[in-house]
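So this first bit is one chain, no partners, the form predicted on its own, shown in C-alpha cells.
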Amino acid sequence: MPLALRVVQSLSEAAGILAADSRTTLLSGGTLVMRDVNEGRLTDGTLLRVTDPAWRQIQVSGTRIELGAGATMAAILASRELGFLHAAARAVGGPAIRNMATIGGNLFAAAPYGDFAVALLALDAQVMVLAGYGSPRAVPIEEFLAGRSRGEARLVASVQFNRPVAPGDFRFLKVSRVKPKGLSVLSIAAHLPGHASRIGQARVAYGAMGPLPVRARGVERALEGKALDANGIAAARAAALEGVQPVTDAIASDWYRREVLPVHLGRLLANQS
C-alpha cells in the first residue's frame, strides 16, 4: 500500500493513532522523515500530521521554559529570551532546514545528527510524552532517550527545563568539517552552575560520541567543587573520554573523535570556543 497522509487536530488523538498502528509515522518538520521517503526507505503506511497550535508554542514563565515539540529551530533563534540556546539551534543545518526542523524531531535524530538534543540533555530537560490517549507525563530526558533506542513509540508533546541562572552558565559547541551546516564530528553542551567561582552540579553532554547523546559523568565529577581555572579544566580533560563509544563513519573515525574531544572540551570550559 502506498504512503497515505492523515491530518488530526489534537495531540491526544495523534498519540492514540500512533499507539494503535505501528505503520503510522509522525510527520513533524519532515527534515528526517521526508528524507527517508525521498530515498525509498519509507514506502508504505501512514504519515500523520498534527495541527494542534499548542504543539508549536514556546512558553517562558519565570525560570521555567517549555518548548512545544513542534517548535522550530528558527523559532528558538527568533526568541531573545532563549538566547542561551541560539548556538545549539544554529547548529542544526542551514536556514532552510532550521525553518522546518523541530524540537521533537531532533530528539529522534540518530548520530551524527541530534545536536539540539545534546543541549537538552545538559539542561536536564523533562520530556512530556503521550503513550496513547490521555494526558502527557514527564519523563527525564535520559530515560526518554534510552526508550527511544528500544523503539518505544511515544509522541513528544513538549520539553521543559529551568533557565540557567547566569548567561555564562550554559555553553554549547559543535565541531564539524564543513561550516556552517556540516554534520557533527562531535558536539558538547555544558551547564555549569557557579562557573564564576566553584562549579556545583555540572551537567555535561556529548553528541556523536555514541549512538545516543550521552552524559559525560566523569567530567561532571572532575568539575565538582572546582574553579574553571587551568587545574579544573585539566582535571575535566583527563576525564573527557570516560564512557564514550564513538563510531567510525563518513564524517570522522572513532580514533579522531577520541583525539579531538579533550581539546574541544578544554576550549569550551575556557570559553574559547
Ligand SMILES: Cc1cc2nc3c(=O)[nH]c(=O)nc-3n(C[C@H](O)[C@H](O)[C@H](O)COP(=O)(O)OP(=O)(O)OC[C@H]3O[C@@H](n4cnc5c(N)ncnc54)[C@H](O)[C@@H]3O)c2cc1C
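Everything quoted here is computed from the prediction, not taken from an experiment. Residue numbers here begin at 1 and follow the sequence given.
Just so you know, the form predicted in complex with the named molecule exists too; it's not on screen, but the next bit is about it.
- In the model of the complex, the named molecule stays beyond 4.5 Å of every heavy atom belonging to G243.
- For T25, a non-hydrogen atom is located within 4.5 Å of the named molecule in the model of the complex, even though that partner is not displayed.
- Contact check for H191: every heavy atom lies farther than 4.5 Å from the named molecule in the model of the complex.
- Among residues of the shown chain, R35 is one whose heavy atoms approach the named molecule to within 4.5 Å in the model of the complex.
- Checked against the named molecule in the model of the complex, the candidates L186, V92, L121, V159 yield a single residue with a heavy atom inside 4.5 Å, and that residue is V92.
- For the candidate set V214, A222, I65, A69, a heavy atom within 4.5 Å of the named molecule in the model of the complex is found for exactly one residue, namely A69.
- Of the candidate stretches 104-112, 199-207, 135-143, 163-171, only 104-112 contains residues with a heavy atom within 4.5 Å of the named molecule in the model of the complex.
- With contact defined as any non-hydrogen atom lying within 4.5 angstroms of the named molecule in the model of the complex, the stretch 228-249 contains no contacting residue.
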